[in-house]
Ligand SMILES: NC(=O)c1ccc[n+]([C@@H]2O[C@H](COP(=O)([O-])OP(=O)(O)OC[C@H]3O[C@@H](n4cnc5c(N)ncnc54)[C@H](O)[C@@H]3O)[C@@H](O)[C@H]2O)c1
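Okay, so here's just one chain, in structure tokens, the form predicted on its own.
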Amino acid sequence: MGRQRVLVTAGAGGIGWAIARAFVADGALVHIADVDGEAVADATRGTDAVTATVCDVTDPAGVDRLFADLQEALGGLDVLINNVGVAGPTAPVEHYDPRAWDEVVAVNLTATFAITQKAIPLLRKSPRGSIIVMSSLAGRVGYANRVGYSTTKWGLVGFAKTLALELGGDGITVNTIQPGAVAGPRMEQVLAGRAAVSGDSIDVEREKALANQSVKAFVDPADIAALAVFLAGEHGRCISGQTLPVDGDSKAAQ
């Protein structure tokens, strides 16, 4: 098999960009879809291994343009990384904005469905097709005041398991990764916000955040990326329909 051809949604930053870089380091050609044009420009600068489409994946015309660009850039597809997602607001169910619910469902579930639907015919032509769906710790446990996020992340697990049953006969593997609290600027901002409210130091807030984990460390995005590369690689061909947490053995979402 030649160089893997990989599509990563929300691939210009965070976990998506870590995954894109890991596949490139493994010799793959990667096409990323992202709504952030500036981040896309940074991600594609100085390399021929990463191409991109700036688009809103909730827009059907944007998805059509994405796959036209993908076909032109890569000529096919071997690996789909469904990484796109939004967190939505923090509020109890009784006060949760119905418009926000619709937005979270549109991005996390409907867009993932639409992109996967268009990708399947391409993946069927691959000798080693693979789909990886990015869920969350919130798709393994309940998440108070984050009903839209948790519900959709649970839904993605069922989506992936259904795909695994439908596509296994075509040699396409489908798995879900569930990251926990991920290290990086976003987590540091969360800790700073909590510290401002509680009056405790950021270090104390970090200890509290890690209290429900057996492994006392936030997840390195590179570890999530390495798992994605493995699942889509030659030694992951009999791993399908699985949900794999990378969360330090966390007991609850916070």
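Quick caveat, the model's predicted, so the values are computed rather than measured. Start at 1 with the first residue shown and count on from there.
The next section is about a form of this same protein that is not shown, the form predicted together with the ligand.
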property	result
Partner-proximal stretch of 73-81, 162-170, 135-143, 118-126 relative to the ligand in the model of the complex, 4.5 angstroms, heavy atom	135-143
Interface residue in the model of the complex among V35, L191, L227, L29, criterion: non-hydrogen atom within 4.5 angstroms of the ligand	V35
Proximity to the ligand in the model of the complex, single hit among V157, V86, A114, V105 (heavy atom within 4.5 Å)	V86
Proximity of V182 to the ligand in the model of the complex, heavy atoms at 4.5 Å	yes
Close approach of C55 to the ligand in the model of the complex, 4.5 Å, heavy atom	yes
Exercise: A12 in contact with the ligand in the model of the complex, heavy atom 4.5 Å	yes
Contact of Y149 with the ligand in the model of the complex (heavy atom, 4.5 Å)	yes
Partner contacts for 222-246, taking the ligand in the model of the complex and a 4.5 Å heavy atom cut-off	none
